[in-house]
Structure formats: structure tokens, C-alpha cells
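Consider the single chain below, provided in C-alpha cells and representing the form predicted alone.
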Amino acid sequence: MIKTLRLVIHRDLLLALRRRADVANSLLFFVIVVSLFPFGVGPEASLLRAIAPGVLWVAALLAAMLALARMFAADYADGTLEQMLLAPAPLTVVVLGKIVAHWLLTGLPLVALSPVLALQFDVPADAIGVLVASLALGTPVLSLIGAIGAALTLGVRGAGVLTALLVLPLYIPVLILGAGAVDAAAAGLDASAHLMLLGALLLGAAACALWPVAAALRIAVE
């Protein structure tokens, strides 16, 4: 199973390198949205610090959601997904590999870019560390929950809108905890409770998301 997981991740990363524009779209969206806010609200440092947690987290959430459509769509269109269903390896392992690859292509770059973008909002150094930690814990949850929505709407006309309607309500707790952690750190408070709850959400999503995704993919193929 470890070999299958590694092969699925490697395959998806290799395919992404051949479609670099698709990967870059989410990152450019994140950078542009975050960078426009200081121009829109003005240069007042206190106001920028106040809105920074929400702006950074909402932009990261939307950027991660933009990439959900390509998680299973290409494999469904060319018949690769059917071969994955027939493979001897458990489908949950294949699903886990695709979710990990999705996070490596979208969530991890968002985590890496966030400290640089946070400087535009005059975010304190301690809060930047908490921002990185919250995104590192929260973006995998977004990928896991988003995989459920992407699988349920696979092959459906207007799948992007339906996926957004399905996953956005489930994203709200992650958004509240992630932005709340950064806000608490910026105010000089302890953000460990928010981060621990994000970690709990990550463990819960990792334990519960794989089987619904696998079941939804089987239904989509049938």
C-alpha cells in the first residue's frame, strides 16, 4: 500500500508539472487577492493588522477550492479512474494519494507564500508563525473535505458550483479557527487552543473522509 500511495502521488505531481498553468492559477489568485486589499483599504497599519487574519485565510480557502475540480476530473474523463477501481490496491489508498498530491500542489505553496504576503499587513512576527502553523494544519483539512465534494459532483454539469455549495459550509469551522488563531496571536494571546482544534479537525477529516470519497467515485463510474 505504501508503494501504491507513493506511485499515485508521484504520478499526480508529474502530471501537474505538465500542466503548470493550472497549478499557477490558484497561487496567482491567492497572491492577487491578498495583495489588492492593502490598496483598497488604505495604508493604515492598525486596520491592516485587524483584517489580515480574515483576508489571508479567506483567500487561501478560495484558492484551495479553485483546484478541487482537477482532483478527479481528468482521470474520470480519460478512463484512468476506472482502472484505479479495478486495481488490487484499496481505493482508499489511491484516494489518499490524490489528496496528498493535491495538498502538495496547492496547500503547501499557500503555506510557503503566506509569511511574505502577511508582511503587507504589518502582521507581527509571532502572529506570522501562528499563521503558517494554522495554514499547515488547516489546508489539509480543506483538501480532505474538498475531495468529498469533488467526488460527489464528478461528471455532473456545473460541478464547480455544486462543489462550492457542498464544501463551503464545511469549511467555515476551519476558517473560524484558522483566522482566530492568527487574531489571538496578534493580540498577544495564546493561540494553542485554536491550533489544537485545527489538529483535531485534521485527524477527524483524515479518519472519515477517505471512505465517502471512495464510495462516491464508485458511484460516479457506475
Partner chain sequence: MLEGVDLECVRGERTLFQGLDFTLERGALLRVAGANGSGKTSLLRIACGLTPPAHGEVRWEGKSIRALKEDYSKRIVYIGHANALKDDLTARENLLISSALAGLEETAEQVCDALERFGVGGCAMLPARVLSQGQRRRVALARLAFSAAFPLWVLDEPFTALDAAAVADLQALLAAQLARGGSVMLTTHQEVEIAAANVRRLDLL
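Numbering follows the first chain given and starts at 1. Given the structure is predicted, the values throughout are model-derived calculations rather than measurements.
This protein has a second form, the form predicted together with the partner chain, left out of what is shown; the following refers to that one.
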property: Interface membership of Val100, the partner chain in the predicted complex, 4.5 Å heavy atom rule; result: no
property: Non-hydrogen atom contact Glu82 with the partner chain in the predicted complex at 4.5 angstroms; result: yes
property: Leu113, heavy atom within 4.5 angstroms of the partner chain in the predicted complex; result: no
property: Partner contact for Leu14 in the predicted complex: the partner chain, 4.5 angstroms, heavy atom; result: yes
property: Stretch from 67-75, 113-121, 130-138, 100-108 whose residues place a heavy atom within 4.5 Å of the partner chain in the predicted complex; result: 67-75
property: Residues of stretch 81-101 in contact with the partner chain in the predicted complex (4.5 Å, non-hydrogen atom); result: Glu82, Gln83, Met84, Leu85, Leu86, Ala87, Pro88, Ala89, Pro90, Leu91
